[in-house]
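Form predicted alone, single chain, as structure tokens, below.
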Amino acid sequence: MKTPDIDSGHIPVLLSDFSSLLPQVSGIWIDGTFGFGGYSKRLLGSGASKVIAIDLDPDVLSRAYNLEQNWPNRFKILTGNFCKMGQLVTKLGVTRVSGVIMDLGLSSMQVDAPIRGFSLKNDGPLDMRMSKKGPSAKDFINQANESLISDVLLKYGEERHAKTIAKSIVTARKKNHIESTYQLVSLIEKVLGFNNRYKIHPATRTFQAIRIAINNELENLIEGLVSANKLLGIGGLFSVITFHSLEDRIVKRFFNLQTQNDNSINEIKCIGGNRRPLFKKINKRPIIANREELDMNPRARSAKLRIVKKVVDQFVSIEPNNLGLPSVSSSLRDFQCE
């Protein structure tokens, strides 16, 4: 049974399933998205000789430092993006690891803190930066042209009403800058309408799209998948937890192109790849939360866990667009944070 972090109330998603699927934990592991440290703690308690954690969010450092004190020779926290994990761990003299875990979801610390700007429910500044550096969601909403806003909402949020929302944003900001989450939520509610019968709030896709866009999440994910693959030794385990269809599509295709099953062979024929299996799937179908976990943690409803094992020390070069990376105007670069 999954229990919350005692200090934070945070519940690591699919943690029990992750543990039950691992044949054995040993060697050096990378926790590419430290968050509240639930996966790092589980790995340390399950036999990992060392865990190297990485996180872009400076707010997690105090919690990570406490873990470093409790496990002084077995745990290390590094500040940075998991897409650069190869460069980061090489500085520690590590060139091969036994496992990598990447939990791509937001932590409750980020969602529940109004000042971070991720939440639809609590008013706060339009921020949404994981690193707290560089352009914010406010800069994007108030400065990007209507075409770019519409493109981002459509391709990163799969928002059907992207053009209408983008037009309304540009019209509204001519009168007053849009600076808070409440302002943006209210605007979208007026455009799309809202009642409590909706399964998700009408602003959910817009918030997701802006967050993905300014943090460059999908391109960083692809680079992270490649970096992890290069670090894993033979027999190394690679686990990824996704939370929405765009990132799950990328992870699924990446794993399919490097594992041996009927579906992956068909996909390889379609987009070009190497039929030689480089990974073996630990779970053929993605693991999702059971009813007990959903009752305790509704945020787990969209989580999917995929685990593969490296069997050949090789890498198939893959074009990002073939993994499902949406094509968006290069002008978005001006609004992406560090």
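Bear in mind that the values here come from a model prediction, so they are computed numbers and not experimental data. One-based numbering along the sequence shown.
Unshown form predicted together with a small molecule; subsequent notes refer to it.
- Just one listed stretch, out of 98-106, 138-146, 163-171, 201-209, contacts the small molecule in the predicted bound form at the 4.5 Å heavy atom level, and that stretch is 98-106.
- For the options S245, S180, S186, N220, the residue carrying a heavy atom within 4.5 angstroms of the small molecule in the predicted bound form is N220.
- M130 is the sole member of V152, A228, V240, M130 with a non-hydrogen atom lying within 4.5 angstroms of the small molecule in the predicted bound form.
- Proximity of G80 to the small molecule in the predicted bound form falls within the 4.5 Å heavy atom cutoff.
- At a distance threshold of 4.5 angstroms between non-hydrogen atoms, F279 is out of contact with the small molecule in the predicted bound form.
- Contact annotation for Q110: at least one heavy atom lies within 4.5 Å of the small molecule in the predicted bound form.
- Under a 4.5 angstroms non-hydrogen atom cutoff, the small molecule in the predicted bound form has D57 among its neighbouring residues.
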